[in-house]
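Quick setup: one chain, the form predicted alone, written in structure tokens, and binding and motion questions come after.
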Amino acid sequence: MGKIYEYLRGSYTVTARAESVCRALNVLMKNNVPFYGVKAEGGGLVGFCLEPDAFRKYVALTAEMTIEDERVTRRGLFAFASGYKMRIGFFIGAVLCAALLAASSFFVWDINVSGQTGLSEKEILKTLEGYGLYIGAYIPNIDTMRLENELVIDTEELSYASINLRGTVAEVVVRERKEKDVENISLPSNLVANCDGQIESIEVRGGMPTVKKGQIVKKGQLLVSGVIDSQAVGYRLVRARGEIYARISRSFTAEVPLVREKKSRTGEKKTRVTIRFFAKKINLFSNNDISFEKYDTIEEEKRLCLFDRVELPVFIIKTTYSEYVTETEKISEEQALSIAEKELAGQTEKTLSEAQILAREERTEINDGILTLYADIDCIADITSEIFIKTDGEK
């Protein structure tokens, strides 16, 4: 709001030769007249800014001085109004604008998020919106402490959140969890098998192993128990930690049709413009129907600025609908196989990225115009899944 006040109050920019400016600034300092924004303008000229009261004193103090190449520029609301010759309509609009700005100071104009690395700003803003913090939210109703707690609880990737309201802007600072932040050994748990396999090695850092090397296990079977029976203290609960590597077999499938649809753009486009004021959308068109049967949608959002300096909670949303038609396209078996291989590579990379591949067998079938690529993979991988143990204190 400081920039808005500065604009309403007005200011003067004085530009002159550097030598003259130095003499003028010395006089101002001796008489305790404030100035700001001193900067070189090029060509031996220097400029500085004055508030209206300070400018009147400057004029009086330098009346008998020679200020070479002096140029004075007036800025602000009244300078802008003078260009419109003080028309009544302008002032009515100005009063309405000022009233709108005063009323909107009770609402959030902007949200700045910082500190995130893996999470996107959009994900954090979406979570905050669910708890009542969004552009247009009523500031007196916002409980920042509650929001901070709920953001951390609701977002597993976050270990810290701070929300500060500075005027109409909400500053959100977050810190994402590191590996050591996630592991809490005070929570009791078991490790169970997430698939069938034959145990190859056992690495346990917490809990009691219930299987041995060479043993065949089934999906869901207990591998490491978090319940330890001690003759000294009786039963106690711990968090089971470690890796159980087993020889497993995984099957993957990728299907690719030999006849597929291909997009072809017609070049026909339609554009719709919407204004979003805080959270309220206003359509600038009467007909919402799009006559295209098939189309892609591209949305562009631009935020309005007041006098190119102050960001407003007003957004211009331009939506473009681009028509396309679909055509059938035949592809060769070689092309289909190449596509299937890429799809399988993505599946295996996601599932077996840390596994040791022992053997891989692939086969291809073509039925009803669809090429199917099968892959059977033997590998050694960690098969543990952690299951937390509910205690009496938990509901």
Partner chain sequence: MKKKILPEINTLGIEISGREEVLVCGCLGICFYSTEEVRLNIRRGELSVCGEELCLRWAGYGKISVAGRIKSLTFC
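Residue numbers count along the first chain shown, from 1. On a predicted model such as this, the values are computed, not experimentally measured, just so you know.
Form predicted in complex with its partner chain: not shown, discussed below.
J.: Tell me whether G206, G234 and L237, taken together, all sit within 4.5 Å of its partner chain in the model of the complex, counting heavy atoms only.
T.: The answer is no: none of the three residues contacts the partner (heavy atom, 4.5 Å cut-off).
J.: Just one of T66, N26, T328, S332 has a heavy atom within 4.5 angstroms of its partner chain in the model of the complex, so which one?
T.: Contact residue from the list: N26.
J.: Can you pick out, from L344, V46, L337, A355, the residue that has a heavy atom within 4.5 Å of its partner chain in the model of the complex?
T.: Among L344, V46, L337, A355, a heavy atom within 4.5 Å of its partner chain in the model of the complex occurs only for V46.
J.: Among the candidate stretches 33-41, 57-65, 344-352, 358-366, which one is within 4.5 Å of its partner chain in the model of the complex when only heavy atoms are counted?
T.: Contact-bearing stretch, as computed: 33-41.
J.: Does at least one non-hydrogen atom of I387 fall within 4.5 angstroms of its partner chain in the model of the complex?
T.: Residue-level check for I387: no, no contact with its partner chain.
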